[in-house]
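Form predicted alone, single chain, as structure tokens, below.
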Amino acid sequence: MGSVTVADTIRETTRDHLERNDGLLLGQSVTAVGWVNGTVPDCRNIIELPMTDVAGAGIAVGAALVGRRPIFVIRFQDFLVLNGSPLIYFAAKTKALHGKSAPVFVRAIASDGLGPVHSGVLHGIFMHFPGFRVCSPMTPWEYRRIWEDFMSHDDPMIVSEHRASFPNTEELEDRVAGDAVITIYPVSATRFEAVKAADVLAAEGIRCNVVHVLWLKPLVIDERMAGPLCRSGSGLVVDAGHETAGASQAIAYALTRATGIPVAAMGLADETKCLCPPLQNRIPDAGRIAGAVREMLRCASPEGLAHG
């Protein structure tokens, strides 16, 4: 087990950028309430923005246009909607339309179980718009990797973070078994739950591949992604966002088109999150993922088809 957490990695990567590259970090309440879960360093080049939402995104995009490569922190990913206009209609389009790039690094931070306006996972929306690179790092090494990618390109990047990853010190390696009967593709915080689900199912004699999804856009269906699916013959994409018209359905469709193998999608129900336990609409946990796999295999078996 390593000792460096995802939060440590974000904080020190940010510090290096602000102090050595003369970068900027902008956001609302970034130096208060625990410095965004310990991910923001106490150093120069930090700008506290007023609670104006759309104006803040416009300032970040303007800083990107003049070469500051800003980090724009959105403490709750639901607020991507309010901040979306300058990002979608300018940052993502200006390179194609005007030949001038706006490389802004958007830290969009998700949570779970904090109610209807503080628990969203909205990366699926930004996969829809041309011009963005979209990723969801959950490990220290992955965060360093996506930062290097950002610094080597001139495109705006939506980084879908999740508070569940901040204390994590472990890398999440793919699990691929020759006798697996299904391949699970987890995204965001469901990656931790998918590993648990695979362990539960293995104890029942059901072998599962787990292929972790870091990059949502560009989504590259290479041998690492397609090979385990082709060998297992069945697939399930699990996401922390809403299932309907979301990332899980988009990735499942791309995998099915690339391989000809049916891939199912799983995410949040098409319901508003609430704080009370019966209506929290939490992300798929290990139990739900394992249950979905059992049901898929039951329906796919001759016995299941006969009695389903």
Partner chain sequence: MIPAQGSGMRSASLGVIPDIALSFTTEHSLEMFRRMCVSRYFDLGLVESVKDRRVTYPVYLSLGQESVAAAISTVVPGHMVFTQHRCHATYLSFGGRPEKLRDELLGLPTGTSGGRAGSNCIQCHEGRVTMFGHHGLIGENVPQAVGAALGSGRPVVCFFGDGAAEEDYVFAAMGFAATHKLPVFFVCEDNNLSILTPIEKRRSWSITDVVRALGIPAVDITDDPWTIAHHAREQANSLPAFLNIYVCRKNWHVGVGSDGPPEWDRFALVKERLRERGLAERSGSLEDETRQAMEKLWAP
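Keep in mind that this is a model prediction, so the values were computed, not measured. Positions refer to the first chain, counted from 1.
In what follows, reference is made to the form predicted in complex with its partner chain, a form of this protein that is not presented.
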property: Proximity to its partner chain in the predicted bound form, single hit among 43, 274, 66, 269 (heavy atom within 4.5 Å); result: 66
property: Selected contact from 264, 261, 47, 254, since only one has a non-hydrogen atom within 4.5 angstroms of its partner chain in the predicted bound form; result: 47
property: Proximity of residue 290 to its partner chain in the predicted bound form, heavy atoms at 4.5 Å; result: no
property: Partner proximity in the predicted bound form: residue 75 to its partner chain, non-hydrogen atom cutoff 4.5 Å; result: no
property: Close approach of residue 100 to its partner chain in the predicted bound form, 4.5 Å, heavy atom; result: yes
property: Touches its partner chain in the predicted bound form: residue 221 (any heavy atom, 4.5 Å); result: no
property: Stretch in contact in the predicted bound form with its partner chain, which is absent here, among 88-96, 109-117, 208-216, 150-158 (heavy atoms within 4.5 Å); result: 88-96
property: Stretch 51-70 - residues with a heavy atom within 4.5 Å of its partner chain in the predicted bound form; result: 52, 54, 55, 58, 59, 61, 62, 63, 65, 66, 68
